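This document starts with two versions of one protein chain, written out as structure tokens and named structure 1 and structure 2.
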Structure 1
Amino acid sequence: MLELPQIYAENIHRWLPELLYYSLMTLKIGFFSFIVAVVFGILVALCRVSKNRLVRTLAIWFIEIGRGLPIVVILYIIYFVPPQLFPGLNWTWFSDFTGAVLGLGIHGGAILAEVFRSGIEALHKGQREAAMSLGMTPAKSMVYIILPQATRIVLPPVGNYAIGLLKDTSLCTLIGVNEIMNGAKSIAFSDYQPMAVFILVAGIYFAMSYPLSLLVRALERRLSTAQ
């Protein structure tokens, strides 16, 4: 245990730049799957509150399956299954990165759909009525009255989801994406220093996620005092 500082002193100048280089991939996956998740989440939430029963049922299925499956299983299904089901199509564009973003995005879409729905439903019906009685169209009342309020309700859980997502990108190593965990494994086993390398990786993840969680907590505090 006492050796750790010494190991770092000797190796960190080689390890850190390499790991930071890989962590760019981690951030890239996180960023793109966040966008996919938000888009999916909004679409599914709107379907979930639709008046059409079939659309609503499909949305519920999407949410239950997306939240019920382990993320690894989603990644494996998204990445390996379609090319085998439709072997006739051209799958060269379907990289492990694309699979990772789609898989994490679908999982996130299921989580965010419920977040968005509760955000919309938390608003009192009177808000919409008040907006309409002032002569706003449904679209205008959505943009100027409902969405600004729903955003505040939804922001903290979305932030918490983003923190979870950042950590979940580590699972992409299991379908072979060259992100930070993949880099860490190759360094750890070629240098025979798993403890030192993985603790360093944990530190890098922490450095990425902790500021985010401080931000979310500050946001929660501000929004709760504003209510």
Structure 2
Amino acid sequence: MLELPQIYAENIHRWLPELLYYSLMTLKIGFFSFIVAVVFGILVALCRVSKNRLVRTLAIWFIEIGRGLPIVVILYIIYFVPPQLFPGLNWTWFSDFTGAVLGLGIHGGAILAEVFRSGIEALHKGQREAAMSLGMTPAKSMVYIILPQATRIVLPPVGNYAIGLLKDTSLCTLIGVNEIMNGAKSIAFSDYQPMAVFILVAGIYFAMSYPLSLLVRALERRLSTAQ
């Protein structure tokens, strides 16, 4: 540990720019995976509270399978299985980045579906009935009455999920994505300084995740004062 300052003094000018470059890919994967997860989560949550038994059952199976499988397994399935099942199709568009976003997004969608469902069901059903008595359709009552209120309820767990997702992007190195952990391993093995490199990576992860935590707190305060 006493040698770390000297190691950083000699190598930080090489390591930091390269790691920051790879961290942009980490942020990119995290951002698009979060969008996919939110979209999947909302759609599956709406199916989960549907009155149609078949739709509700399919949503439950998606949630249970998505939450029950490790992220690594989902990433491998999404990235490696489709080209083998349909070898005749053109898969040149399906990059490791695409596989990472879909894999993390599908897993996150299963998690957020239950979060959104709990937020929807936390509201009294009389609000939807009152909206429909005023002439609103079920879809409009959900969009204009239920979902805005449910947002205040689900914001803390969704914010925590976003922070966890940013760290889960490190698993994407297993399918060859050039994100920060992949870059860190290359530097650590080439310079034989794994401890120094990964301590620096830990600082970069914290620098990326802490602003998200502050943003979530700010949104919570703003929504609480808006009530």
Partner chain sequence: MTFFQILEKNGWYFFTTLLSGWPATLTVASGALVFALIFGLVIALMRISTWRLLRWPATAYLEFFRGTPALVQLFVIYFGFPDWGFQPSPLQAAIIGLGMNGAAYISEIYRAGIESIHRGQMEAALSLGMTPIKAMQHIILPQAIRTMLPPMTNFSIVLLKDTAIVFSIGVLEVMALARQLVTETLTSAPIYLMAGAMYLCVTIPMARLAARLERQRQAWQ
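Just so it is clear, the structure is predicted and the values come from calculations on it, not from any experiment. Just so we're on the same page, residue numbers count up from 1 along structure 1's sequence. For clarity, a rigid core is taken as the largest C-alpha set superposing within 1.5 Å between two forms.
Legend: structure 1 corresponds to the form predicted together with its partner chain, while structure 2 does not. Core-superposed comparison between structure 1 and structure 2: the Cα of residue 11 travels less than 2 Å. Superposed on the core, the two forms differ at residue 215: its CA moves 2 Å or more between structure 1 and structure 2.
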